[in-house]
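Just one chain follows, in the form predicted on its own, and it is written as structure tokens.
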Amino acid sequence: MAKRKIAVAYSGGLDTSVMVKWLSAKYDADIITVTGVLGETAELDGLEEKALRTGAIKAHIVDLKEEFISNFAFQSLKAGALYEGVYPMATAIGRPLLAKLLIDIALNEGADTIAHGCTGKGNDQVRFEVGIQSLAPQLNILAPLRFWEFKCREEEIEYALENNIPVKATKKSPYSIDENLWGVAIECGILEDPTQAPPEDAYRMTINPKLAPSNPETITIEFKKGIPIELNNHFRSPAELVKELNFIGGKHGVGRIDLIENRVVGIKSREVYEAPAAVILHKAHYELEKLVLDKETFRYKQDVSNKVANLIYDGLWYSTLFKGLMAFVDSTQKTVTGKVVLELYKGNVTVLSRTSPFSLYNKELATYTAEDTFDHKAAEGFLKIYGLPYKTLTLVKNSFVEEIK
């Protein structure tokens, strides 16, 4: 009888390395590791060999950078999705793609179970498990960190040494870091104290704005139907464009975010993020939308942006509501085409100009010069009708007050 197969979301860190051996022994199963590459990382060096040495029978490492940016990060950009108004959600956006990869490989390999290394109070367990349930409800899910016998990192290290599991013998960083092309999420250590400013050693992508160049840098981003396609008049693939923007923004100290956020499980946490490219692109995209969308569509889209952000953060990328809202978003992006010129300077992003063939800005209507074509006389009748409900309300209130005196 063939052994049971378990597909494991594998990073090669301590938790997942121990998990491969632990699952193999506890469930007498063949372990297949799955690693989706969403960013530039040195941790991939020797990863396949390590997985096999740890006990996996097969190790899949899949480059997803272009798909991640094109089909996930840029979709959230079109939606204007910023969680609680500021966070571009690099981690949250990556999880549904990784969940899909895990499912595809699990089904292709004949595995009946997927295992992940998320803790019991984090957001990622929700994103992985709800994604898996939505796309492949027939698969079982295991989260060993929620129930295995290890109570601390030291116990895991002891287990690793006893079982000849290769563990990097380096000083542990006080921070927990998750990184991909769309941004870096940093937590733990002193960051758990919201009264303390983040120390400089917590940051990985950005320079301290105070130490950034004294001369500002001007960049031009071109969009087509809501998607950035050129940087400084040169075409870039989605991943290349984001990578280059991360470098440019990072050297000017752009993209640092210090946020007290509401987690899915109901607790508040203090998170520090770096997202130079995402911050710049959201700013440029928003400014272009203001130029080309009519007033009511623009106003309504702000509500949709907030709802989409909440759905992504809460792990509901594959929900019916998310798909429906994104259909609306796509309909609004047909005219979000044009160029935005921005200035980067010591942590700030300033819009210098925006142009579009679909611009709704009419200088002859907006100007206060002799070229003004606006019909000022029409305002009198407009204001009488527009203010009529409020005038009526006040008159009725005043009449009622007089009656009760």
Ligand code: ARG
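Since this is a predicted model, take the numbers as computed values, not measurements. Residue positions are given as counts along the sequence shown, with the first one as 1.
Heads up, the form predicted together with the named molecule isn't pictured, but that's what we're talking about next.
* Residue stretch of 300 to 308, 324 to 332, 68 to 76, 186 to 194 approaching the named molecule in the predicted complex, non-hydrogen atom distance within 4.5 Å -> That would be stretch 186 to 194.
Thr320, Asn108, Ser176, Asn208 - the one with a heavy atom within 4.5 Å of the named molecule in the predicted complex: Filtering the options by heavy-atom distance leaves Ser176.
Next on the checklist: Residue-level question: is Tyr273 within 4.5 Å of the named molecule in the predicted complex, judged on heavy atoms?
Outcome noted: Yes, Tyr273 is a contact residue.
Q) Should Tyr313 be classed as touching the named molecule in the predicted complex when contacts are defined as heavy atoms within 4.5 Å? A) Answer yes; at least one heavy atom of Tyr313 falls within 4.5 Å of the named molecule in the predicted complex.
Is there a heavy atom of Asn246 no more than 4.5 Å from a heavy atom of the named molecule in the predicted complex?
Outside the cut-off, so no.
Notebook entry, point to check: Do Thr91 and the named molecule share at least one heavy atom pair within 4.5 Å in the predicted complex?
Noted result: Heavy-atom contact with the named molecule at 4.5 Å: present for Thr91.
Counting only non-hydrogen atoms and a 4.5 Å cut-off, give the residues of 106 to 127 close to the named molecule in the predicted complex.
Counting only heavy atoms within 4.5 Å of the named molecule in the predicted complex, the contacting residues of 106 to 127 are Asn123, Asp124, Arg127.
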